[in-house]
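The chain below stands alone, shown as C-alpha cells; this is the form predicted alone.
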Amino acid sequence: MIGPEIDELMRLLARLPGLGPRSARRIALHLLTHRDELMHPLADALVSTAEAIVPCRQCGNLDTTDPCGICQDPGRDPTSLCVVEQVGDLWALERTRVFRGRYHVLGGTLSALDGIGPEDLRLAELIERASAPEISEVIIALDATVDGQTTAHYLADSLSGAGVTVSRLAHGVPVGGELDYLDDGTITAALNARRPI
C-alpha cells in the first residue's frame, strides 16, 4: 500500500522513545504533508546535529564543543560535582536552573542482570575528578531504582577516600503528591528523610 521509503520512515520513528506504530504513522503523515516547512528543515537539522555533536571528555555531556559549554562556563561552582546516569538526567537538572556546579555522566548504572560492572561505566574518571583539590562535594543524583541505589552505594564506598562530602538527592513525597496515591517505598523513604520545619 505504501512505498518502502515511507515504511522505513515509520519504522524508524516508531523506535523513538514514547512512540509506537500508530504515533509513528501520524508523525510520518504530518511530515509528508508538510515537506517544505517541516520535513526538509528537520532532515537538515538532524544531519547537521549528527555531524556536530561530540561527547565532552570531562563530564560526558553531549554538545557541539569539547569540553562542553557547562564545563567551560566560568560561572559554575568548581567545588561541587553532580553525578548522573545519562545525559538526559543532566539536561533535566539543568532545566531547573538550581544546580550551578559541574556534572559527571556515568553512562548507566551497575546491573548484575544486564552484566554491567564498574568497568563499563565512567567510574574511574569520576574518582579521578572527585580527588581534585577543588572538589568538596559529590552529589549522587541517580534514579531511585534498585540499580540506581546499588550504584549510589558503590559510589559512596568508592569515594570514601577522596576527602569529599558525598550526598544524594532526597527521596520522598513529590511536590503536589497525595499520600493516598504513593507507593509504600516512596512513603517509607519520605518518613526516613523527614526533617524539622
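Note that this is a predicted model, so its numbers are computed, not measured. All residue numbers refer to positions in the sequence shown, first residue = 1.
Below, we refer to the form predicted in complex with a further copy of the same chain, which is not included among the displayed structures.
Query raised in the report: Looking at a further copy of the same chain in the predicted complex, is some heavy atom of each of R15, L32 and E94 within 4.5 Å of it?
Result: Yes, the whole candidate spot contacts a further copy of the same chain.
Query - Interface membership of L19, a further copy of the same chain in the predicted complex, 4.5 Å heavy atom rule - result: Yes.
Requested in this report: State yes or no: in the predicted complex, is some non-hydrogen atom of A144 no more than 4.5 angstroms from a non-hydrogen atom of a further copy of the same chain?
Outcome: Although a further copy of the same chain is absent here, A144 would stay clear of it in the predicted complex, with no heavy atoms inside 4.5 Å.
Query raised in the report: Hey, in the predicted complex, does I53 get a heavy atom within 4.5 angstroms of a further copy of the same chain?
Result: Although a further copy of the same chain is absent here, I53 would touch it in the predicted complex, with heavy atoms inside 4.5 Å.
Query raised in the report: Is there a heavy atom of T165 no more than 4.5 Å from a heavy atom of a further copy of the same chain in the predicted complex?
Result: No, no contact at 4.5 Å.
Report task. Select, from the options 153-161, 42-50, 134-142, 166-174, the stretch whose residues sit within 4.5 angstroms of a further copy of the same chain in the predicted complex by heavy atom distance. Result -> Checking each option against the 4.5 Å cut-off leaves 42-50.
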